[in-house]
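For reference, the chain that follows is the form predicted alone, supplied as structure tokens.
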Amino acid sequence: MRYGVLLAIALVATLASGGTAAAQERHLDGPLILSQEGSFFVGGDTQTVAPDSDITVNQMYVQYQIPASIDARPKPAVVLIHGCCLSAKSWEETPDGRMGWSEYFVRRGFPTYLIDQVTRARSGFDPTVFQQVRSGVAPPDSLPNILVIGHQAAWTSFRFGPTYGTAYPDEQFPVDYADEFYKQMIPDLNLMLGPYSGPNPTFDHLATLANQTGGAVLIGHSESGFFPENAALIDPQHIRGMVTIEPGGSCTTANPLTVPLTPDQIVKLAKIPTLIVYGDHLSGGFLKSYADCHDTYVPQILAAGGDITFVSLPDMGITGNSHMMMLDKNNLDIADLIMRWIDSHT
């Protein structure tokens, strides 16, 4: 049961419903009715960059939608955390114009929060080092690396196909709209602040956001796959569940570096229900990530008495899912799986 058998049965039933019945079950018909929507920032530090010149850095942008109707059993808020070289856009409409997870979670009754990681998109970044290099105060080698992924690397790394321009026969990603997806990819300045070299302020902000929502399920993907756990290590009090989707690197404290968790950290994380999800056609670093999470992390959490579910979609008979499963053709089926887990575990 812990490894997804019941989830597989439930998902097969959902897939079998098909057609209009499935649309009605999912609340896809009709207008999207909200009780509230908006945006705000979490955190932020004041930094003096020159006499009489202070700036705010390390703030995290959040946008949210609250559904108008609340079930008799209220659903927890969900926080969707994007991966490398992307922004909150990856949770919105798919490249081919279908409904994304952000709207779908709202339609299913979940207060939904999207964040831009610190140093990304609307959260901005600390420009101080760039200005210091330009003015000659700092040497050029003090500039951080900026992560960018080209079209060719994205195609194979995100598992649209085995070679650039060639799709897997059962590929779920809408490859005809890959050019629209590439527009979502933006420079990633995470190397300025961690998780590679030190504490990432996004971790603390996620814990704070969970508190502000009154309790939330954190859903991380790829670069941010283990961000829910890293946030819980700071403050687990208001984190009601953690969903880790294909974490970059492994299930470790300094994702994606391989830094083993301590026994005390395992005990802390075992107190929060956890779901780990992997798609199809794994290769390279994702095979290592899969092995670490499945063979090391899951047994550690189970031994500490935790509630953890590991789901391999192809092992459940769901084939062809790419690394960007929230944008795949069956993206709502995968969201259903996650929502069923939330309903039964949090």
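Each residue number is its position in the shown sequence, starting from 1. Quick caveat: nothing in here was measured; it's all calculated off a predicted structure.
Below, we turn to the form predicted together with a further copy of the same chain, even though it does not appear here.
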| query | finding |
| --- | --- |
| Selected contact from Q152, T166, T262, N211, since only one has a non-hydrogen atom within 4.5 angstroms of a further copy of the same chain in the predicted complex | Q152 |
| Option from 307-315, 293-301, 278-286, 57-65 whose residues, in the predicted complex, bring a heavy atom within 4.5 Å of a further copy of the same chain | 57-65 |
| Contact of D176 with a further copy of the same chain in the predicted complex (heavy atom, 4.5 Å) | no |
| P127 within 4.5 Å of a further copy of the same chain in the predicted complex, heavy atoms | yes |
| Partner contact for R240 in the predicted complex: a further copy of the same chain, 4.5 angstroms, heavy atom | no |
| Proximity of N230 to a further copy of the same chain in the predicted complex, heavy atoms at 4.5 Å | no |
| Residues from 84-104 in contact with a further copy of the same chain (non-hydrogen atom within 4.5 Å) in the predicted complex | S87, A88, K89, E92, E93, E103 |
